[in-house]
Every structure is written in C-alpha cells, then in structure tokens.
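Coming up are structure 1 and structure 2: the same protein chain in two forms, each one given alone as structure tokens.
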Structure 1
C-alpha cells in the first residue's frame, strides 16, 4: 500500500526510529541536513522541517552554528504531560515571550454563555480575562484568550503575565492542574488575528478550545488559542483505560531559527 502521509512526516518517523536505536546516545551530534538529504533522498526544506519537529518535541537540541544534538531518546508508550507554551518553547531551544493585550476583571454575566457553561459557574461569579500574544524568538505563534475563575487566584493583578500562567497557578496559588479537555478546528483568520500573527488575512489557522481542570473535576479556566498556520502540529497517542480510549497530546511548533 502506498504511504499517503506527507514526505516530512514519513521522514520524521524514519528519524525517530533511528533515534530509538543504538546508533546514537544522549549528547551525541545528530545527522546534518545534508546527510539526511543524501541518505533519504529528500529536499533540504523537508530535512529542515523534520529536524525542527524533533527539536520541538524535545528529542533534539539545536545549537546555532554547531548542529543538532540528541537531548532525549524516544520512549514507546510515553504520553506527553500537560506543559505550558513557555516550557515547550524553552525545550525547543527558543526564547518564549508574551505580549499582554488585555488583562481585566469582569463579571461572568458579561461573558459568552458557552464560556460560563464550560466553567460551570453562574452570572454572579468574577472572572479574569487575559488576552496574550505568545512568541518564540520574537516570532508570533499563538493568540490566546483565556477566562479564569477569579476566586481561585486572588491578587492575580499583582503578578506579571509575561511568563507561564501554569507556574503562577501551581507555585503561587498551590493549584493542582490535573487535566485539560481540548477541541481543535480549522478557522479563517480575520484582519485583526492575521495582523497579530504576522500572516495574510483570510489564511487558515488552528483554533484550540480548552477547559483546564484542577483536582480532576473543577474547571479553572476556559480558553481559545489561535495558532498560526505554519507553526502548528498536533500529536497524540491513544492509551486504553477501563475499556475506553483516552487521547493526550500537546501543541508543537517549528523552530523559526532553524530555517
């Protein structure tokens, strides 16, 4: 049967299999783009994209002017835990920054009914609304709009929102983030969204809608994150549990410096 996966995805699979073998150890220098092109008969663009994905996954680390090095060996059956954009960006060897576009305290009655339903609250509750533009090495990647149940985070205005909110939730407020429930869909970017993400209006983007839970059952936030079209890949693994299938995954992005 002909493999209909994109060439770079087929190459990703080949390189992961190579990484999982005995040829390379953690800390070793990995294949160069030129070597990959020659060995697998692919273009330099395809080789670059595959390497960038492996860097984003944390398997390789890119050192400017030197090459890529083995940072972690693939593990069969390993599920990605919940991690922040800040953490994933740093693991990819890039510098994460956030531009705060909006930070306000509002009443739930002023929010779309869908958000209130997701958060399981009534109109009398207070919420923090935070809109941020998330960047990697200065390149805009994600436009984030998040609603947080205010009673769990008193004094949030006193904290900088330019880093990881996960860290603030866990380290400052002692909240135990246990899971997220996410949906992904393709959308068309409007002028405002496209301008912030640095792409042309009318292009397709990926919208991830998510509820974040503490202590398994309690909603803490509801957010929509809009990902630019050339910086998004969703990976998931299926793990049977109690005769059901549970999907877990994370958002990955290409390294803009690894072009």
Structure 2
C-alpha cells in the first residue's frame, strides 16, 4: 500500500525510529543531511526539513560546520507518561513479576458506570477485565485494573499476557493505538488496596486512570493503576520558550526522598 503522507513526514518517522534504537545515544553525532540524501534518495532540502523538524521537537541540535547531535532520545511507542514497570524494574537490577488476580469476560452492565462512560459503550457490550499486582523482587509495587472492549480483540483469553498487552493489540489484532488520556490523583489507600500492596491503611499513593484510544477517537481500554505509597513519583521538565514539556512517572525502589 502506498503511503500518502508527504515524504518529509515519512522521513521524520524513520529518523525518529532510528534515533530511538540502540545505534545512537545522547551526545552522539547523528546522520548529516547529505548522508540522509544518499541513504533515502531525497533532496538536501527535504533532508534538512526533516532534520529541522526533529530539532524543533528537541531531539536533535544542529551545529553549523560541525554536524547534527542527539540531544534526547525519542520514546516512540511509549503509551503512557509512566515508564514501563518491567524495564524500570530491570534497570534497577530487580526481577519484575506479575500476579494475575482476575482475568474474566463480563458484561458492561456489571461494572461501574464510570468505565462505560470512559469507554463510550452501552450496557450490552462485552468487556475483558484484567486485574494484576505488579511486583519487584516479590514485593508488591502496583495494583492495576483494566477493562478492554471485547469486540476489538475477541480471542484475548487465549493469550498468556506474559508479554506486552499492547503488542498483542497491535500485532495480533492489527489495532492502531493512537493515544492515551491519563488522569493522575493523590488518594488514600483503602484496606483492600493497602493489604495487596503490603502497606498500612491510610497512606497516600498515586492513582492513575487512563483511556487508551485506537484510530484517533475510539476507546479500547480503561485502566486504573494504584501505586504503592512512597514507591512512585512523577518528574516533569518544562521549557516555556520552546513550548516543551517532558513528564516521566517512575517506580521508586529505595525511597531516596522523604518529605
């Protein structure tokens, strides 16, 4: 199938993917305009245009007479503001595991009205419900609960859910995940939650609720993730003059900062 996007936008995407791979790291010199001309068979003007787009996104920095340098690695495919639990835990030298507390097919009429609102469905729809407790070295860190519109992925029960749920959506069902919309709240854990996360009742943790969309506006899933108190924080860097924000939520393992 012929891609109808302009060539420079296709080039943008290819360059972002190249950037996000293992071949380059921050500080490295990236491809030059002329190298891109040769490799992708485009004009210098088109190559420069694509590169300058990545410069304005804050990923690259032009140095005239020297080259193009990597300022920041893009995180293509990163669906949430929260860094992947699995990769973050491994990076901390710990073993990430998941305990599936619940995996069932239910009717929309059986769940909270808020889930149906978020998913824009009526009571007759079927949903999958998946509840998991995420652990690092056996210690509970995150309690997550997810409702997925069953009609978009009918055979989901046949999957083990060991790997990435999103990879299953995209690769097995061909779903085009386009965005997520998260709400972040500070809440007090109730007894059930505190018990599962192995903390005392009454502590404060982050509750992140999110809708995931396919094809721009169609809700596919609704999830809530509750983080262990003192086990999580958000960092946000804002550059007002470049209209740039970068938010990162990450699990904390040794509680370096106490208030």
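Just so it is clear, the model here is predicted, and its values are computed rather than measured. Numbering follows the first chain given and starts at 1. Each form is matched to the other, and the largest set of C-alpha atoms that superpose within 1.5 Å is called the rigid core.
- Note on provenance: structure 1 matches the form predicted on its own.
- Relative to the superposed core, residue 118 shifts its CA atom by less than 2 Å between the two structures.
- Core-aligned CA deviation for residue 210 between the two structures: less than 2 Å.
- A displacement of less than 2 angstroms separates the C-alpha positions of residue 181 between the two structures, with the rigid core held in common.
- Structural comparison between the two structures after rigid-core fitting shows the C-alpha of residue 136 displaced 3.8 Å.
- Once the rigid core is matched between the two structures, the CA atom of residue 90 is found 5.4 Å away.
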